[in-house]
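Encoded as C-alpha cells, the following chain is the form predicted on its own, with no partner shown.
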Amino acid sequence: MENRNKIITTLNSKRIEIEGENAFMPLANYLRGNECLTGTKVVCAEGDCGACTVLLARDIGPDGKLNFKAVNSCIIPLYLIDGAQVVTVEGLKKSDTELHPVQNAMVDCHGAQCGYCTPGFICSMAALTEDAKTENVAITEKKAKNYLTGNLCRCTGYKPIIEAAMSIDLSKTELLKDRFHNPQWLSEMKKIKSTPLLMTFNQKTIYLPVNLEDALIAKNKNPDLRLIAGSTDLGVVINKGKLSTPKAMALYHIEELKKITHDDLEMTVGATATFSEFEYYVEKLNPELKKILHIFASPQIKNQGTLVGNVVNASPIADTIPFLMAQDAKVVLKSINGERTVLMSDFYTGYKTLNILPDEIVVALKIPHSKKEENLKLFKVSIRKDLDISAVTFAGVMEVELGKIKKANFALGGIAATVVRMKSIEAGIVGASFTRKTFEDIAMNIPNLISPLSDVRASKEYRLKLAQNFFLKFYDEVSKENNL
C-alpha cells in the first residue's frame, strides 16, 4: 500500500494539508503562527491551564456524525490530528454577527476580564453543551465545574464563569456535529484513516500505520521508533526542550487498538483507547475505579491521553498503575515473533525501565474483574483534588472469609522509583484475623519496608505517614461497609 506524505485535516471548515517539519509542531503553535488564529492562547505549555483548549473530532459516531471533545492544543503534535477536524474559538461563532450561545453567555454574565483564559473556557463550555444536549441533561453547577477543571482563571473569578455555563439555553444551541456535518469530509476521513502516512524531513520521521502488522514490521526494522499515544506527558517534556522524538510512530489509525471489550473474566483495553472512553466504560463495571478516574485529570487530558500510555510512561506516581498492579492486570505485548503477556507487577524493572523488548509494542491491557466477594479500595493524596500529581497512591484488594483474610493485594505509588506491589505485607497477613490490630501492625512496620524520597510535592516523612494511614483507612472502610 502506497504511503501518504501529507497530514490532512480540517480546521474549522477549512481543509488543510501539512507537510515537512510543521508536522512536528504543537497544534497551538500552528494555529497561532501559521493560521493566525490567535484566540487560542499558550500559557503553561503543559496542558494544565486550559488556555489552549480547542475542540477535536477524530471519530465518526454511531449517528454518522463527528464527536467533538475538548483537548489541550499546546501539547498535541500536528501528526496526531491527521484525519481529524479541529474547531477553535473563532470557529464557534456562526457568523461575524452571530456568536455561539456559550460566547453570548460569557458576555452577558461578565465572565472575562483580561480575556487570556476566556477562549479556553469557551471551548470547554462548548464541549459541555455538546454532551449535555446530546444526553438531554441540564447543565448544573456540579456538571459545569467538572467540565472546567482543566481551565484556570487568575483574574475574573470563577463565579461569573460558572453562571455563564448554567445560563446556556440548550434548546437554542445547535450541536457542532450538526453544524459542521460534511458528508464529503467524512468520506475523505475514512480514506485517510485507511491509508498509512510516512513523512520524513531533516532526519525526522513520522509513521502512522493503519494496521497492526505494518506497525510491528516497522518496530522490528526500527527499534528506536518512539510510540506516541496521546502526547499528554511527552508533549510537556518536548515543549520544555528535554526530549525530542526524531522517529515517531502513532497507532490511532489502527481500529482494533481503539476497542474496549470485556467477557466474564476480564476487560481488555486497547492501546489507543482514551481515558474518557475507559472512564465511561467502567462506570458500572467498577464504581471504585470510576471514582479515582473522575479526579485523575481534566477532561482535556482524559479526552487525549490513554490508559496504555499511562502504563508505558511508567511514572512512579501514576494514578492507574497501583490499581492495575493490585488487580493482577496483564500487559499484552506483540512483535513479529508473536505475543506474550506480562503481569503488571513484573512489568517495571526500575525507574522508567520496562520488561519490554526493543521490537515489541504494547497493544492492550487485560484487567480481571473484581469478584463479588473482593473489596477494592483506591486512594490518592495530592495538593489539589482535581488535576494534580499524586504524592502517594494506594490500591488494595482483599477477600475476607469467616473473619480471616483469604486474599490480600496491595500496591503503593510515590514511595519508590516504581509503583511497588507490597508482597511482604500480603504474605504476612493472609490467614490472619481481619482486625484493626492487624492493620495497625502493618502501619507500624511501614518505615521498615519503604524509604520514599523527599521532593517538592511531599517529604519522606509525609509519604511514610500517608502510606501508614492508607492501610488504616482501608481497614476502616472495608470493615464498615461489610459490618466486620
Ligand SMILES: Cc1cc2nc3c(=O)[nH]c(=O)nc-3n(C[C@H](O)[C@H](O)[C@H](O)COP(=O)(O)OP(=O)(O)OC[C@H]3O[C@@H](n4cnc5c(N)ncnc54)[C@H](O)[C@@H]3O)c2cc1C
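Numbers for residues come from their place in the sequence shown, where the first is 1. Because the structure is predicted, anything quoted here is derived from the model rather than measured.
Missing here is the form predicted in complex with the ligand; even so, the following discussion is about that form.
Although the partner is absent here, E279 is not a contact residue: none of its heavy atoms lies within 4.5 angstroms of the ligand in the predicted bound form. Of the heavy atoms in N222, none are within 4.5 Å of the ligand in the predicted bound form.
Contact check for D48: a heavy atom falls within 4.5 Å of the ligand in the predicted bound form. A residue is said to contact a partner when one of its heavy atoms sits within 4.5 Å of a partner heavy atom; D319 meets this definition for the ligand in the predicted bound form. Contact with the ligand in the predicted bound form holds for all three of F296, G309 and I361, each having a heavy atom within 4.5 Å.
Of the stretches 87-95, 399-407, 269-277, 178-186, only 269-277 has residues with a heavy atom within 4.5 Å of the ligand in the predicted bound form. Taking a 4.5 Å heavy atom cutoff to the ligand in the predicted bound form, the contact residue among V236, A144, I254, L216 is V236. Exactly one listed residue, out of N313, N355, T173, T205, brings a non-hydrogen atom to within 4.5 Å of the ligand in the predicted bound form: N313. Using a 4.5 Å cut-off on any heavy atom, the residues of 201-237 that reach the ligand in the predicted bound form are, in sequence order, R226, L227, I228, A229, G230, S231, T232, D233, L234, V236.
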